[in-house]
Structure formats: structure tokens, C-alpha cells
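Presented as C-alpha cells, the chain that follows is alone, the form predicted alone.
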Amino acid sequence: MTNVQYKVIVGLEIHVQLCTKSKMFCSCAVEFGAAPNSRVCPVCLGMPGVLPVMNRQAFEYAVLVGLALDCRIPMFTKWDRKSYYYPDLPKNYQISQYDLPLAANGFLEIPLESGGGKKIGIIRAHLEEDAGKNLHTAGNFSQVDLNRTGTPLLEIVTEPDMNSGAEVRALATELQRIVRFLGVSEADMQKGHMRFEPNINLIITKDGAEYRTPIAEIKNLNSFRALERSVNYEVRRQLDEFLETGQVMEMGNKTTRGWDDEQEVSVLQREKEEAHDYRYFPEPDLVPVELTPEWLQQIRSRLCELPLQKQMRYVEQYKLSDYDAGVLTAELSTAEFFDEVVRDGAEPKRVCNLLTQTGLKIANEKGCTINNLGVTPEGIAHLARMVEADTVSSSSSVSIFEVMVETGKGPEVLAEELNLIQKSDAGELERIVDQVLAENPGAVEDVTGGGKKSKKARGFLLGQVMQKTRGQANPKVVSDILDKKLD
């Protein structure tokens, strides 16, 4: 039987729309959902004789991402024209960067499903202007909306260091967290703020010889699910094609393919253009950009603790699970709120439970972030301390949290108003325990008998005490009293 083994090779191109107020080379507003072709001007429409002017903030945002990816930032970079004809590109060229990108030779560490991490090389990150958007939903003709034309677009290109759909998804997810933490992009994929284009091929070993399949690039993916599934599908497709036809890289050019999300298959679009097809040449209407050490340092000062670093710190410093730390660092606002509550003296694991199990649930229902719920870090810290001190139970803290959001009242006031303060008076609880034991001799006998019914009977007795105190008894104190009485 023929011995066939293969290795998956994936590199990823990521396009990130930067959240500047105006476009890359003109003053038109960047605004999602505006009426078609209402956010355009002679510059982004490519009218004769107009001149572009660089958006300084977009350039600084791009450099900031490059720094976060440990890239080398050259002090000199320039703009280039990339020529191609397409209906959504009114100038018939795109202002981009070719041989002198603003960031190069970096890396991004991703977490692996098996544990640990893996460094993925970053070849380059360069800035360019986005194209418009073709629409095909109006009937048997197409339309074009040029509002997006000229939006600042950061393209990040990785080394082909990923070996599975899961790793590609992990890198995309991590990059989304980074740009959001830095505040340079909303990274909302439903709005097209992040788009992914994986380049996939296989190294196949057959009967001792090594072959490489032609590279396929899947275009314009806008969800993590589609990204992972398209890579996994393309792996199967290329392996089947090789086994059937023997086609290898030397026999075919790189192709671009679209992704059919309903059928979950990739579809051939065209052979991929090479760099010379775009006729790159220096942009004559823009001067090069020269960074000064002072300017670069000013940009560098905006770097914050990055999400994976923060996640690892939560695990090491606060002994949180990797999953909980990942939930807290999914959004910068949640992580910052957590940090403030902990700084106020609350126990980190207790705070984590309050925020991940209650706070995020309420925030999702209201369509906002935790810091916009109307509760303060001081209030949540006070609630966490009340749970730690057994003043209120964990289940009661959920009710208190919910009413805090609705009323803005403090946790102590609400615990009194809602009658949720736990009874921990041993003398009072002992009298109630004695009463319950006297009323339920059968359950007492089951516990002291030590048989199969013992655990269930003990739970029943504890439940009877809680019922008589309307849930206000401290379960730990009651449990201790039951242990003493039933020994």
C-alpha cells in the first residue's frame, strides 16, 4: 500500500480597518452604514488633479501595532502605487507600500490547544487604502458603494508557520484582541473591520519522495468559524487532488478561491497575480515618511500590557484558570474593570466569578460592556468582600448584582432591603438545628446509620434548616453544627 504522509503549511494575510475618524488620504468621514456613496470626495473618487494627504493618526496606529508585534520599525518608509482595474477601485490603482513597509520581521505568540504557546513569524505590516464594496443583491446587475474607498487599512502578513485550522484561528483571535486592546480598531468582523486570507498548501511525503501542492489563497473571510473551516476543507481538497492527479507546485500557479459558507467548500476564482502584474512604482503625489526617535518613542509610550501577557499574569498571580483569564481578557474594558476591583482589595477568584458568571451575562443581555452597566468597581469589590465574609451567600450575590445594575444602590443596602444577610449566630442556628432533628428522626437515623441513604439524608436536614431560616442561614455554620450533633 502506498505510504502517504503530509504536513499542513499555512500563512495568513490579515486586513485590519483602523478606527480613525477620517480616511487615509482625504478628510471624508469613516462611517459604517451611511447611505451609499455619501462619504466620498474628489480625492477618494480618483478625480483628475486631486492630491492625497496622509492621515498621521492612521500611520501612528499602524506603527503601534508593529511595535506590539515585536516588529522592526524602519525610520524611513514610502508609498507605492499598486495598479489594477476593478469596479470598486475608482482610481484604477491603490496607494499601498511595496518594498519598504512600515514594520517587518516580528512575531506573535499564540496559545495552543495542547497547552503552551507557539511563535508565529510576522513578515511585514504595511498601510494602504481600502477599496469600495461591490453589491450583488439588487437584481441581475451589480452596484458599487464607494464609502469604504480610502479607509485606512493595515495589512499584516505572517510567515507560513501555522500547521492547522485551529492554529490559524488562534492567531486571528489573538490579533483581534491586540488591536482592540491598543484601541486602533473596533475589529468587528460583521462590519468588515477584519478580513482574513489564508494561504494553504501541503508538503506530502509519498514513497520516500517529497512533493508540495500548489498554494491556494482563500479570499475575504470575515469570521473565525469560516477561517478555520476553510483551512480544514482546503487541506482535504488538496490532498485528494494530489492523490487523484499528482499535481504539484511546479505544475500550477498559485490560485485564489472564494469560500461558500453554506456549502462549506472553496470555489476557484482565478490564478493569482504576481507582484509584477501590479506594476508597483513609487507614489509621486506623496512624500516618504521619516520617523524621528522622538516621534517613535511617543508612539511606543502608548503600548499597554497586551492581552496574552495579561492573561498569563492572571493565571500566575491570581491562580485563575486559563479559561477564566481568557474570558476576562477578551475585552480590554472587562480586564480593566477586573483590575480596578482587585486593586480595591477584593479576592481575585471571587471577583472573577462575579464578573464572568453574572456581570458578563447581564452586559450581553443589555448589549454593552461591564464598565457601562452602571456599577462601580468599588461596589463590586464591596460585594465580593461580603461574600468572602459570609455576610451574603454566593447565590444571593447574583441577586444583589442584578439589582445594583437596575437601581445603582450599594450592595450592603440591597442585602438589607432584600433580606439576604446570612445568619451566622451559632446559638440561634443551633436551636433551629435541634428543632429540625427532633422533627425528622427518620433522617437522623439514616445519617447515623452510615448507609447509602446517609449523604442524601444529611442534605435533607441541611435543606430543612435553610427552609426554616428562609435561606438566610450560613450553610457552613449549619453544616458544622449538624456534624457536631450527628457525630
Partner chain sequence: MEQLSAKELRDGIAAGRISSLEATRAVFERIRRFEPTIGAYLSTCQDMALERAADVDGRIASGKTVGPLAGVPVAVKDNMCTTFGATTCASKILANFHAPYNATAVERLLAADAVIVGKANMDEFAMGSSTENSGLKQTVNPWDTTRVPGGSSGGSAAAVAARLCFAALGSDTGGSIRQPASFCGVVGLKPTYGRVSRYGLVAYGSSLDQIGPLARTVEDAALMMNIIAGHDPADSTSVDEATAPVCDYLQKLDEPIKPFRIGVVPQFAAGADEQVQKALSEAMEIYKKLGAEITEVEMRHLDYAIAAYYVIATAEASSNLARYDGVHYGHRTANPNDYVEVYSKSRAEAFGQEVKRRIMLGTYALSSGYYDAYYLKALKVRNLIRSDFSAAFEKCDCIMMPVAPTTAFKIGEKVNDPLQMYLSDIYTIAANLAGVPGISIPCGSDDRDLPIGLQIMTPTFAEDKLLRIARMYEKETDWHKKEPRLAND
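Positions refer to the first chain, counted from 1. Because the structure is predicted, anything quoted here is derived from the model rather than measured.
Although it is not shown, the form predicted together with the partner chain is what the next lines describe.
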item: Residue among Tyr318, Tyr93, Phe224, Phe242 with a heavy atom within 4.5 Å of the partner chain in the model of the complex; value: Tyr93
item: Heavy atom within 4.5 Å of the partner chain in the model of the complex - residue from Gly117, Pro74, Pro282, Gly258; value: Pro282
item: Which of 48-56, 63-71, 452-460, 438-446 lines the interface with the partner chain in the model of the complex (heavy atom within 4.5 Å); value: 48-56
item: Site test, Gly11, Pro111 and Leu154 vs the partner chain in the model of the complex, non-hydrogen atom cutoff 4.5 Å; value: no
item: Any non-hydrogen atom of Ala209 within 4.5 angstroms of the partner chain in the model of the complex; value: no
item: 4.5 Å heavy atom contact, Val287 and the partner chain in the model of the complex; value: yes
item: Gly121 within 4.5 Å of the partner chain in the model of the complex, heavy atoms; value: no
item: Partner contact for Ile432 in the model of the complex: the partner chain, 4.5 angstroms, heavy atom; value: no
